[in-house]
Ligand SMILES: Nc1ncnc2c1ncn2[C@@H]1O[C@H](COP(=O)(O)OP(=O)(O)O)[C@@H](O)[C@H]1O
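Below you'll find only one chain, the form predicted on its own, shown as structure tokens.
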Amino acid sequence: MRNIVFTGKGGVGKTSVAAATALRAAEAGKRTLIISTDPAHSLGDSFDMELGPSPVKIAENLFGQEVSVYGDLSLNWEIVREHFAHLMQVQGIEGIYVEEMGVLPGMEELFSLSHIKRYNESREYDLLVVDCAPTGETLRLLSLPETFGWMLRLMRNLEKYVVKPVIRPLSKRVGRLQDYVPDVDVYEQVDQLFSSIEGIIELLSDGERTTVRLVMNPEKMVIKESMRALTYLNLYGITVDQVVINRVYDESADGVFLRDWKAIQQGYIEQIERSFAPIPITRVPLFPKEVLGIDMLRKVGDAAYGELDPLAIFYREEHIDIRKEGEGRYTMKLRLPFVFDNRMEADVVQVGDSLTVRIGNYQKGVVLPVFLAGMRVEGASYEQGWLAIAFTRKEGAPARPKEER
């Protein structure tokens, strides 16, 4: 199954481009599902029809879904929510706070990830198009499996070695304790939710199955955010195979006002082409009317792809490169473009056979190959879009990368 994920700064028109891609694939005979993980859904508006929390048929071979966190909560989290509510009531807390305490931060993103994994396992569709929330929320979505991984392991071990053999039997004799000990089905539901997203990063980082397409407008702030997004996506080993510049003024547009805006746009377009190359870049014009409905989405698809197959992988890139530099010395490079340009600090910390790389507010754990696990990080530096980490058998210490041109 092929997965195409669309993201970009809010308001750049990524939903329209995602919907146009799904429509084009469906009209080519591919059974296609497009889902929106943005809490402020606009996917139904793009198709000019109402969508819901389950797949709805839009056209031949084309289905759409707007993920509903409320529906997912009732189906997959209700038992846990009730337990949290009970704990709050035992403490004398009443009202809306009781209901809200059962909804953990990041739940929307977790449910979105579970949908992606479930559809890939079912193989009911040929293509899954994901219309993501704006860039920041998308990046948070990608970091959740690592963030919650420790929690899952902790809860599993706690239930297995402490709660089940000790605390739960004791709670049957101590009435007060019984108010606080969760039932078995609470642990089962938590385990089921977190198990439903295990392996999702491996799926998303499989460049033969999943690619991300960045949608942007030719504007300064949008370009900067897209640069950061590309860096973070590379950090997680996720392939960006296309950049779509949306709402470009047509050459035929005239008038003094538009002439100045076209000149400004052209300058930013040239910056995008210099900065994001060799990733393929395509342009979608600003149409004279709103992009709503099948006919207008078909025009967007024509502009974005021309004669190309939207399911094709337009660009492949290695994200990690390991080379031997000499006796007992290796360099591992991580592809992280724009780190220096955006003054983004990076920390590199080695613990045993794993390496943690933190950039900005995001971090990625990298399991080291066996031949590097016995070495130590000697230093790190930026080299033309790569974070180069030096390993040696000699004694060394984790280091902050130095900013070098």
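In case it trips you up, residue 1 is the first one in the sequence shown, and so on. As the structure is a prediction and not an experimental result, all values here were calculated from the model.
There is another form of this protein, the form predicted together with this ligand, and it is not shown here; the text below is about that form.
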item	value
Proximity to this ligand in the predicted bound form, single hit among L139, L334, V284, V190 (heavy atom within 4.5 Å)	V284
Of V291, V212, V243, V130, the one that lies within 4.5 Å of this ligand in the predicted bound form (heavy atoms)	V291
Any non-hydrogen atom of T21 within 4.5 angstroms of this ligand in the predicted bound form	no
Contact test in the predicted bound form: H115 vs this ligand, heavy atoms, 4.5 Å	no
Contact test in the predicted bound form: L387 vs this ligand, heavy atoms, 4.5 Å	no
R247, heavy atom within 4.5 angstroms of this ligand in the predicted bound form	yes
Residues from 29-58 in contact with this ligand (non-hydrogen atom within 4.5 Å) in the predicted bound form	S42
